[in-house]
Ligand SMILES: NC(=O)c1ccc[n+]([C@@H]2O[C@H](COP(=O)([O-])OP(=O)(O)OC[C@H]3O[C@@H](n4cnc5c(N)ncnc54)[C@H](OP(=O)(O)O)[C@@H]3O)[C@@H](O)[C@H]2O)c1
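Before any questions on how it binds or moves, here is one chain, the form predicted alone, in structure tokens.
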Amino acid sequence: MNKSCTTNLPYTMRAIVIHEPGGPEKLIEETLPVPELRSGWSLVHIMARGLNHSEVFTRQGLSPSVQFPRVLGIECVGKIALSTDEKRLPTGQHVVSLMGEMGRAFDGSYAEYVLIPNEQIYPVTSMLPWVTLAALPETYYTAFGSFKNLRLEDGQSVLVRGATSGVGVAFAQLVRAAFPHVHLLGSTRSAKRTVSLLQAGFDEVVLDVDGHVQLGGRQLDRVLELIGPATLKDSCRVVREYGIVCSTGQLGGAWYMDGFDPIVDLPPNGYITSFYSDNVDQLHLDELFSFVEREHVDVVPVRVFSLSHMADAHAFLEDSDGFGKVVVVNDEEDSRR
């Protein structure tokens, strides 16, 4: 399709390209052609995107299925610029997209425009500012799915392993909004994160030391496991009878687990569940947006960067002082509608 004949779209766009694995400095701003429309796909003008640790892992060369050069980015919020489904995705429609193979098998959201399969684009009616809306698709969707699978009740004790992550902070915001009397504990490897975690809504901060959470022998009702296989067995150890562990993240860098025996390692009559953000559909996204607006959940990201400073955003995300959700807008004015 000749864009100049049908729209006012530019021929080129800014994009952040990685040609080889390495540190944040490998994320290079380049000028690329705006993707051409094709059957079953629509073009999204990106307004903002959240960053994720999985993108850091891919940048480091730890995602063997990803080939370089690549434009990374597994989520975005924006507007339909060109559509092949005008009924569901009319031009100008506000949308979100997350997961699928965006930023992995095909170029992702570290650009001003992205071409995405229609089934991976979800219309939204939320009037949240772009910079706030961008914090929701991957991080809060993951936290919300885990929140539901843990079957929480007010008055329970709940531990978040990897609490300083974006998903950990998002989970805390959801819990505080729905269950004010839950005793919420957050684990961290660094005591200097204590004040930040308490300000984020945690009631108590406990240390993770060499893969063991320091609870002084206490047992809890629920655990959200964001570190993953590296600490999952230890998380099961601290859950009382009939408790639930939800394994969601893999921040510990281990993808698989050896030597886990459910008969021995789960608590008596206990349960293990999981949530993966690739399990996404319009109904659950709408449920999340409604919950956030109804319960007045504070979803403002902790840091906002511009697209030209993507390397700085990555450096912040993986730094030991990094905390909470990071969002990148195209330019400063793009943080507003």
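When you see a residue number, it is the position in the sequence shown, counting from 1. Under this definition, the rigid core comprises the largest set of C-alpha atoms superposing within 1.5 Å between the forms. Computed from a prediction, not measured in an experiment: that's the story for all the values here.
There is another form of the same protein, the form predicted in complex with the ligand; it is not shown, and what comes next is about it.
This chain appears without its partner; in the predicted complex, the one residue of 88, 176, 237, 189 with a heavy atom within 4.5 Å of the ligand is 189.
This chain is displayed alone, yet in the predicted complex one of 250, 132, 93, 84 has a heavy atom within 4.5 Å of the ligand; that residue is 250. For the three marked residues, 26, 77 and 109, no heavy atom of any sits within 4.5 Å of the ligand in the predicted complex. Partner contacts here mean any heavy atom within 4.5 Å of the ligand in the predicted complex, and among 226 to 234, 123 to 131, 260 to 268, 101 to 109 they occur only in 226 to 234. Although the partner is absent here, residue 159 is not a contact residue: none of its heavy atoms lies within 4.5 angstroms of the ligand in the predicted complex. Of the heavy atoms in residue 41, none are within 4.5 Å of the ligand in the predicted complex. Proximity of residue 309 to the ligand in the predicted complex: non-hydrogen atoms within 4.5 Å are absent; the residue sits far from the partner. The ligand is not drawn, but in the predicted complex it has a heavy atom within 4.5 Å of residue 165.
For the partner-free chain shown, 138, 142 of 136 to 161 come within 4.5 angstroms of the ligand in the predicted complex, judged by any non-hydrogen atom.
Taking 2 Å as the criterion, residue 206 counts as shifted between this form and the one not shown: its C-alpha moves by at least this amount when the rigid core is aligned.
For residue 73, the Cα coordinates differ by under 2 angstroms between this form and the one not shown after the core has been superposed.
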